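Given as structure tokens, the chain that follows is alone and in the form predicted alone.
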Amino acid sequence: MIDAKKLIKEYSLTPNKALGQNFLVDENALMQIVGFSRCEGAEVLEIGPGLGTLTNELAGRAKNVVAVEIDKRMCELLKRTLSGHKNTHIINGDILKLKNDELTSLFSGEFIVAANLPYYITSQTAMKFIDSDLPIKHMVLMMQQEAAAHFIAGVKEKCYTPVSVISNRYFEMDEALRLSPASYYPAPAVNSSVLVFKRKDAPYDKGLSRLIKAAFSMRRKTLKNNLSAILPKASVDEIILNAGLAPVSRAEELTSDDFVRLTESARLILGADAI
């Protein structure tokens, strides 16, 4: 196991605040996260490996690990700390700028995602994988507790957003662990959560995601008003009623299954390419 605190001291490392670097230094939490990953013999994508503490443990169990790190300094350090693992490939790059076909080309098939997500890009990064057709088996994501609430929120809850609906459509989610600021260096001002996402047997539907986002576009407005922005106004009432819903409903009242029926209804009435 890599001693994070010793490594920081040895290399006089200063975390980059602009990149949201908070290194996990809690070894007990680290090993629990490794367990949640269930990565034995699997292919793994790690986002933001930082010091390589998690990467080292994943590499000792997985078939291969691709670690994407935006900080060039950390990439140089990773080459040294992970030199004993021949199954690890380090990429210096921005995960948000890597195209999906570039990612899939790095693996032979399904892969697992593990990440300690920088707070400032948590939602964008997580949704890159959730709202996509990437062949992801499951994910273990560390994030700010406040951000985690949006992924696991239920209908009518304050945090219920498109993130909640889309995540629920494609994944079973579990808040597996909560971490205090003391688990990180430097200690953030907030608590963190570890969410485990297990893939459901639901084919990805880009049109469904588009409809969900449109329905939430103006939260205080009705479903009819919001959907009229992307669907012919004359057909919106019929589409909503055909899905077994009321035009005066609001997005925050609908489940992911409701949105699936809405999408199917729009395609039935307007044609397959309507959404």
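A residue's number is simply how far along the shown sequence it sits, counting from 1. On a predicted model such as this, the values are computed, not experimentally measured, just so you know.
Not pictured, yet referred to below: the form predicted in complex with a small molecule.
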Next on the checklist: Suppose contact means a heavy atom within 4.5 Å; in the predicted bound form, does that hold for all of 19, 71 and 95 with the small molecule?
Outcome noted: yes
Checklist entry - Hey, in the predicted bound form, is residue 204 touching the small molecule, heavy atoms inside 4.5 Å? => result no
Checklist entry - Is residue 53 a contact residue for the small molecule in the predicted bound form, using a 4.5 Å heavy atom cut-off? => result yes
Checklist entry - With the cut-off set at 4.5 Å between non-hydrogen atoms, does residue 121 touch the small molecule in the predicted bound form? => result yes
Checklist entry - Using heavy atoms and a 4.5 Å limit, would one call residue 260 a contact residue for the small molecule in the predicted bound form? => result no
Item to check | Heavy atom within 4.5 Å of the small molecule in the predicted bound form - residue from 195, 163, 117, 113 | outcome: 117
Checklist outcome for this item: For the small molecule in the predicted bound form, the stretch among 220 to 228, 43 to 51, 233 to 241, 207 to 215 with residues bearing a heavy atom within 4.5 Å is 43 to 51
